[in-house]
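Below you'll find only one chain, the form predicted alone, shown as structure tokens.
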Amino acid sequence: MWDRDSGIMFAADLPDRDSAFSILDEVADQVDVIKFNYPLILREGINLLGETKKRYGRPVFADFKVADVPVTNNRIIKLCEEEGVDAVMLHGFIGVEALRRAKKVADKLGLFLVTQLTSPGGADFFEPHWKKFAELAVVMELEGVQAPGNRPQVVKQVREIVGDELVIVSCGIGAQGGKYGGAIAAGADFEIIGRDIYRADSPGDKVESIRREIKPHLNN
């Protein structure tokens, strides 16, 4: 779906537009995809997604974990698509019909499903269902799934379920305990890294360092 050079999807979880662009100016050309979560977009507006795409020329991933009734889900997807977003994250528990409708309105962007959250309690309610969410992404012919990079054994199992066709993105790298390159070694395509980069004294140097650690695993 996206070219992979570094294997890094940068999580731009900064407090405002200026700080986000300040960091992106340093690292955008060294990462493969730029990811946004809700807080920054709620503060600055959805136009920030399109502005980022135009400014840096990188794929933009809206990690909104969409989980509502179909009419609301679809409005979010269309708003993202209007901004040139490349992919949107959804929760699988919205059900088959909601996913079917989401796929119908998603013209040019890809849809990803969450398998497990990476937080300590992230598996509490996902544990009985995460394999079903991975299977659902395959059945629905979605673009990919999210798998927890701080649980590489889960990433490996997700890859076995989704095969080679779907893209796996893995968060939980760095600040949440996942090792650089560990998720990719287990089968992920991209590792989502945010805090370790934007909290570094020199974000650009930090990305270069992370790239060196990931590189040996990219062609395994």
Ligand code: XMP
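Keep in mind it's a predicted model, so treat the numbers as computed, not measured. All residue numbers refer to positions in the sequence shown, first residue = 1.
The next section is about a form of this same protein that is not shown, the form predicted in complex with xanthosine-5'-monophosphate (XMP).
Quick check for you: of 185-193, 159-167, 43-51, 23-31, which stretch puts a non-hydrogen atom within 4.5 Å of xanthosine-5'-monophosphate (XMP) in the predicted complex?
Among the candidates, contact is made by 185-193.
Going by a heavy atom distance of 4.5 Å, is I210 a contact of xanthosine-5'-monophosphate (XMP) in the predicted complex?
Answer no; every heavy atom of I210 is more than 4.5 Å from xanthosine-5'-monophosphate (XMP) in the predicted complex.
Contact label in the predicted complex: L117 to xanthosine-5'-monophosphate (XMP), heavy atom within 4.5 Å:
The answer is yes: L117 has a heavy atom within 4.5 Å of xanthosine-5'-monophosphate (XMP).
Tell me, yes or no, whether M89 is in contact with xanthosine-5'-monophosphate (XMP) in the predicted complex, where a contact means a heavy atom of each within 4.5 Å.
Close contact exists here: in the predicted complex, M89 approaches xanthosine-5'-monophosphate (XMP) to within 4.5 Å, heavy atoms only.
Against xanthosine-5'-monophosphate (XMP) in the predicted complex, would V155 count as a contact residue? Criterion: heavy atoms within 4.5 Å.
V155 lies outside the contact set for xanthosine-5'-monophosphate (XMP).
For the stretch 135-159, return the residues whose heavy atoms include at least one within 4.5 Å of xanthosine-5'-monophosphate (XMP) in the predicted complex, in the order they occur.
Contacts from 135-159: just Q146.
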